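Quick heads-up: it's one chain on its own, the form predicted on its own, in structure tokens.
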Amino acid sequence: MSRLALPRWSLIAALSLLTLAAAVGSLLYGAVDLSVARLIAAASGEGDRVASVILFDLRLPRTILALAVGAMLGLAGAALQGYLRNPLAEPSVLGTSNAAALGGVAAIYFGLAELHPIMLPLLATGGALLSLALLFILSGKAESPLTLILAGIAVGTLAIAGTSLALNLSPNPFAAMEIMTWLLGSLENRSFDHVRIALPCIAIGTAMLLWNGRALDALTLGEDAAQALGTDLRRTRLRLLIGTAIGVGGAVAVSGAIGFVGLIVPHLIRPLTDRSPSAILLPSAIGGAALLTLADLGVRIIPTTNELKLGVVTAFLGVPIFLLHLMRERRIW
């Protein structure tokens, strides 16, 4: 057990307080700051119209989505790392987020998203499911990080190529701009319609991934030992595959491709636990919600001519984690 390890519920409580603080900050600060008194008045229906519009039409749906999408990405990263026993596994590194974004872009490009609201998350989920299935086929039973990363790069590159092709062939600049949003990831201008699209998918994906806790603990002993303990590896893989695809697909359907959250959060959480996969799942979900909400708050308050895209910020945060892992592998530290 790590020297930094905290009691499970103490860790969850601390992360929950951080997430609550991030959510409140997300509601208070932006292009126009709201005071606490003005926020409370708007929430109770007694505030001025401008504050009510800012709260209910702009910031509240954006905050809810940041919390939900961050939780899903953090949980998916922890579950994939536990199942594959690989600290570099996460939805964007393995190409899942890019493939889900490609599914969403296809729905937009071919006009399917206008036929029915369910088409966007449906195609995003389908893209994520297809990418994970392809990844498991390419990597097989290999446990080498290099094999997994190479397979993920192949899947992710193929998805990016498909998205770039749609961008290249887009019939008008407005379609191209919407596709670019998918490539960079953003929660800008989201409404409660997007919340209704994402939350059911994220809830289903979260439930399926949390269900795998004991199976992931058993897998730390190896596949043969896990089967001897009664773990059904086929069902575990199926739940992981479908849960990640539905959850990440629903998240990407409203946020675009946001990478590295699932890589950063489990690395930060793991030293604070007993390092068993089941102990990391729920804290990673809460930590992912806090991280993405804080990152989304950052893109709003950092003074720039154009608002930064969320995927760009999380990518910059993810690079040091890769470098740290590289240094540890080469025993530089």
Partner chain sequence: MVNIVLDHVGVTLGRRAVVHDVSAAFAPGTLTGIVGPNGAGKSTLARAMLALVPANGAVRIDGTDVTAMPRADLARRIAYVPQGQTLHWPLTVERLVGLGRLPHLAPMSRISDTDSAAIERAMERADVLELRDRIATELSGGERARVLFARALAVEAPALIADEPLASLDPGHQIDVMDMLRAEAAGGGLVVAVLHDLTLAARYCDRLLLIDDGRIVADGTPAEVLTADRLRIVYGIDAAVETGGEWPTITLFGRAP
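None of the values given here were measured: they were computed from a predicted structure. Positions refer to the first chain, counted from 1.
What follows is about the form predicted together with the partner chain, which we do not show.
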Answer for Arg59 alone: is it within 4.5 Å of the partner chain in the predicted bound form, judged on heavy atom distances? no
Do Arg8 and the partner chain share at least one heavy atom pair within 4.5 Å in the predicted bound form? yes
Can you work out whether Arg270 and the partner chain are in contact in the predicted bound form, taking contact to mean some heavy atom pair no more than 4.5 Å apart? yes
In the predicted bound form, is there a heavy atom of the partner chain that lies within 4.5 Å of any heavy atom of Thr157, even though the partner is absent here? no
Of the options Gly82, Gly95, Pro121, Gly259, which one has a non-hydrogen atom that comes within 4.5 Å of the partner chain in the predicted bound form? Gly82
With the partner chain left out of view, choose which of Thr181, Thr206, Ser139, Asn86 has a non-hydrogen atom within 4.5 angstroms of it in the predicted bound form. Asn86
Okay, which stretch from 129-137, 229-237, 169-177, 101-109 lines the partner chain in the predicted bound form, with non-hydrogen atoms inside 4.5 Å? 229-237
Neighbours of the partner chain in the predicted bound form among 213-232 [non-hydrogen atom within 4.5 angstroms]: Arg214, Asp217, Ala218, Leu219, Thr220, Leu221, Gly222, Asp224, Ala225, Gln227, Ala228, Leu229, Gly230, Thr231
